[in-house]
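Each of two forms of one protein chain follows alone as structure tokens, named structure 1 and structure 2.
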Structure 1
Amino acid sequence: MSQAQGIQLGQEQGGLVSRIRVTIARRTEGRALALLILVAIATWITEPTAFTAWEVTLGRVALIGLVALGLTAVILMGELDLSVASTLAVCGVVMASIDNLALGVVAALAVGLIIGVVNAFFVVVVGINSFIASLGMLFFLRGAAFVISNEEPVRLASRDAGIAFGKPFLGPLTPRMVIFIVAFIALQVFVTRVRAGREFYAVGGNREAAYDAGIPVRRRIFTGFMISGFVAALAGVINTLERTAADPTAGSTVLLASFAAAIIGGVLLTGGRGSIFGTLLGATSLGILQVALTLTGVQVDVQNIVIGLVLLLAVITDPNSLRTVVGSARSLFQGRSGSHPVG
């Protein structure tokens, strides 16, 4: 081999290594996949029943995953929607309060869309930070759920339909799981194949550049919040059908797990990075983890502690998050240093 051929081969190998590194760096699902493997191994060793009680495990994955998928659409644009848990609860109550089942489902989904529009209105038109706007909506909707239900569970008028809905019809698959799969495919196609969905990344990555490129940023934010509200309402409908009753406190344990699923899946809180598939992996990990902890007798409060720790671990192991923390600390230190009086 001549010297020139050796140099060319080295350059090609170096280019290949660089491309592999870039590809790995762009993928966001690594932590979620690693967590899923760890959770699966630990669960198989300590509580293998979680893998035999597929109906329970898949049902939990679907509930967390549905809400997390809607959240992902919002977070990709650098926004937050804390109202999803209360949206789930109030839409379930609205559905159960209507005697006609089909009409109740339509009304609940419509309420979810309206909630998404109201959230987006406060963020886009009024100019309120999405964290504050959706936090206020969270408390408002939680109170509305208690008022509408008279602070007690509301039973479905058609309990037989609810019981039938909760039964598996293909192996361990229930209608809840099928709806979750359809929602996952629809959102995956939307953010990867549809122009409006792909523009979510541009809005979250650099909003000013998105404006300059002619992207309808305000419209995209409205779309994201409407998706989040609709999917949370869908989760409320499914939860109510399977329980044959709507509980105004429903969804109280879903918010943390759903956010954790999205963040563990690689969605960056500041927007512009993440994937629907990563969120699916995160939801699967946390769903299995919650079921395993429940079967071992761990209380819900302790489960939330575990999920919180997992979420913190995911955030601090994200290079982008670490750079943000280091940058903030450096700015704070420099600011304090520069504020010292002279002489």
Structure 2
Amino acid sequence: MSQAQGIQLGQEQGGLVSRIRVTIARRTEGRALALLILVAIATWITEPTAFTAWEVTLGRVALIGLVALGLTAVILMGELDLSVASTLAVCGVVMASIDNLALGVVAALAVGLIIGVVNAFFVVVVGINSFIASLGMLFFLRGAAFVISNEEPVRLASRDAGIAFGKPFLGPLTPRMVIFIVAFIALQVFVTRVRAGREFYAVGGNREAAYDAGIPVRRRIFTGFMISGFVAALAGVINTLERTAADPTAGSTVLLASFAAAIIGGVLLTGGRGSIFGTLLGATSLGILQVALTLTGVQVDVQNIVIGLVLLLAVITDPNSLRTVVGSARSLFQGRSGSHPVG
């Protein structure tokens, strides 16, 4: 970057290898991928069953991942949706309370969309911080799930349909996996190729710039929360069908797992950075890890320790955090080496 004439501000084009290197360097999923490979290798060595029974692992990934995918849409805009797990529960209960299965599914999904709209209304129109707004919704919806269900599991009217739903229907794939894969592709396309989705990055990365560029920021936020609500409702519908009953306490482990998947996948909680693919990688790591740990039969607290470590590993290996960590470690040593007067 120097001379005035024909100022060379860009970098030179290289061969295939350097093209690939550049492409990789541009992605935000690098660490998530490295982590996934590590988890996969460790699992392959200790619990190969997690791979030989890959349908089970895929099922677990789909269980954790679906909600995380929808959540990512909101996080990309620098907002949070803490209400996803409660949305899942309340939509399941709504669905099971309606005797007609098809009607129940439609009603549940509609409720999910409405919850998204309400969340976005509080954030955009009323101007409440999304953490607080969705925290309120978290409690409200959980309570609503208990009230609607009379505080007990609601059994599906057509249990057999539910049991059939849990069976593979496309080769070894169950409907859950297929829906998960479709949701992933749809969302991935949405945030990479559709203008509205692409502009999520602008809303999260530099909101001022998004406003100035004439992007309808408020509408984008509405869209994001509706995606999140809809996908959570979808997860609730799938869970209810597979279990043949809706439990108002459902999803108690979903909220943190889906945030963990997004974070491990390299999605920045303050918005603007990350990808749906990253979340998929994060959910896959987490899913494999959980299945492997389940197979080893270690206690749930030990499992939580391992997952916590992986999460921290994913976060501190961010180049920025890494620099800070190394720096602080050094200064700790230097600080010890003597801050006394020498003269």
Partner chain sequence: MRSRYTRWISIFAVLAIVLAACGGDDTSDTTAAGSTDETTADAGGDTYEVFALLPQGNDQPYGSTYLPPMQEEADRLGINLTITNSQYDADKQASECEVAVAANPDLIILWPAVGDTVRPCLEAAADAGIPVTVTNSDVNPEDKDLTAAYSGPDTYGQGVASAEIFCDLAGGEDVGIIMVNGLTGNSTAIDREAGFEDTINDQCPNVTILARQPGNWNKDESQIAASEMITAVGAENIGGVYAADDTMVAGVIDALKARDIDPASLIITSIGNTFLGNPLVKSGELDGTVFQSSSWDGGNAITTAYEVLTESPSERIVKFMPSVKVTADNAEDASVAPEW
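Please read all numbers here as calculations on a predicted model, not as lab measurements. Just so we're on the same page, residue numbers count up from 1 along structure 1's sequence. Basically, rigid core = biggest C-alpha set you can superpose within 1.5 Å across the two forms.
Here the chain coming from the form predicted together with its partner chain is structure 2, while structure 1 comes from the other form. For A50, a C-alpha deviation of 2 angstroms or more is recorded between structure 1 and structure 2 after rigid-core alignment.
Core-superposed comparison between structure 1 and structure 2: the C-alpha position of Q303 differs by no less than 2 Å.
Relative displacement of the T294 Cα between structure 1 and structure 2 on rigid core alignment is 2.7 Å.
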